[in-house]
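Form predicted on its own, single chain, as structure tokens, below.
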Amino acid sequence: MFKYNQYCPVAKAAEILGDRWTILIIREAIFGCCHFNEFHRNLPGISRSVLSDRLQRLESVDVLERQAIDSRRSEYTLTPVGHELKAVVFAMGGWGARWIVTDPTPKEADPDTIMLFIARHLRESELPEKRVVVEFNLRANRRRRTYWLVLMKGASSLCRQYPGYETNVSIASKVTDLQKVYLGRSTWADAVRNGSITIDGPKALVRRFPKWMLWSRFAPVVAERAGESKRNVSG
């Protein structure tokens, strides 16, 4: 951990939050991630040793609390101190959405992450009473990945392996095109209209699908900023 040696609240907070991966670990904890392997899976690129170090550090400063489940497993949860960082993380996201976010780059085309984010942002009140399985066929950097989003009110889940249920709706897209919709750089209607995203299935389910999605909490800010940029260019 880098020490600024300044008697300043900003410097003191930066000493804790400024280490690589720390803010993203806190983001995952905010969304309910609580097991070591779950953090490791949800943060592609982090090494197990770095993750262990960051979790121990956050525990030592009372941001996370660790509780042993058994001799081999522990569960991490946010303390009251950690819960206060929710506003900080969302404020950072809002600032990034307003001023930093552009179209995703090929290096950012991570199918695991975008599917994780989509599965976290479902409009629970609109979800079907009976199970609907949505198959996502995603393309990124010459690779193809398939995921299944099992949707049902109160019991939705993301599957990286075939869940054993018949697919009801199929979606095909480049990862970057789906990312742009999720984060507000494009709309679902425009992406389907121009063919960058295809969706197949019974008409009733195809029409309902967008209503099941909340997309990112930052999408309205990104969309507003993108609209301002277009108006400035055209003006």
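Note that residue numbering begins at 1 and tracks the sequence as displayed. As the structure is a computational prediction, the values presented were derived from the model and not from experiment.
From this point on, the text means the form predicted together with a further copy of the same chain, which you will not see here.
Out of the listed residues Val89, Ala140, Leu122, Val150, Val89 is the one that sits within 4.5 Å of a further copy of the same chain in the model of the complex by at least one heavy atom. Not displayed here, a further copy of the same chain is kept clear of Gly227 by more than 4.5 Å at the level of heavy atoms in the model of the complex. Residue contact with a further copy of the same chain in the model of the complex: Phe218 places a heavy atom within 4.5 Å of it. Using a 4.5 Å cutoff between non-hydrogen atoms, Tyr165 does not count as a contact of a further copy of the same chain in the model of the complex.
Contact check for Val101: a non-hydrogen atom falls within 4.5 Å of a further copy of the same chain in the model of the complex.
For the three residues Ala13, Gly96 and Phe117, a heavy atom within 4.5 Å of a further copy of the same chain turns up in the model of the complex in every case. Residues within 4.5 angstroms of a further copy of the same chain in the model of the complex, judged by any non-hydrogen atom, belong to 42-50 and to none of the other stretches in 196-204, 42-50, 165-173, 66-74. Contacts between 1-38 and a further copy of the same chain, taken as any heavy atom within 4.5 Å in the model of the complex, involve Phe2, Tyr4, Asn5, Gln6, Tyr7, Cys8, Pro9, Val10, Ala11, Lys12, Ala13, Ala14, Ile16, Leu17, Gly18, Asp19, Arg20, Trp21, Ile23, Leu24, Arg27.
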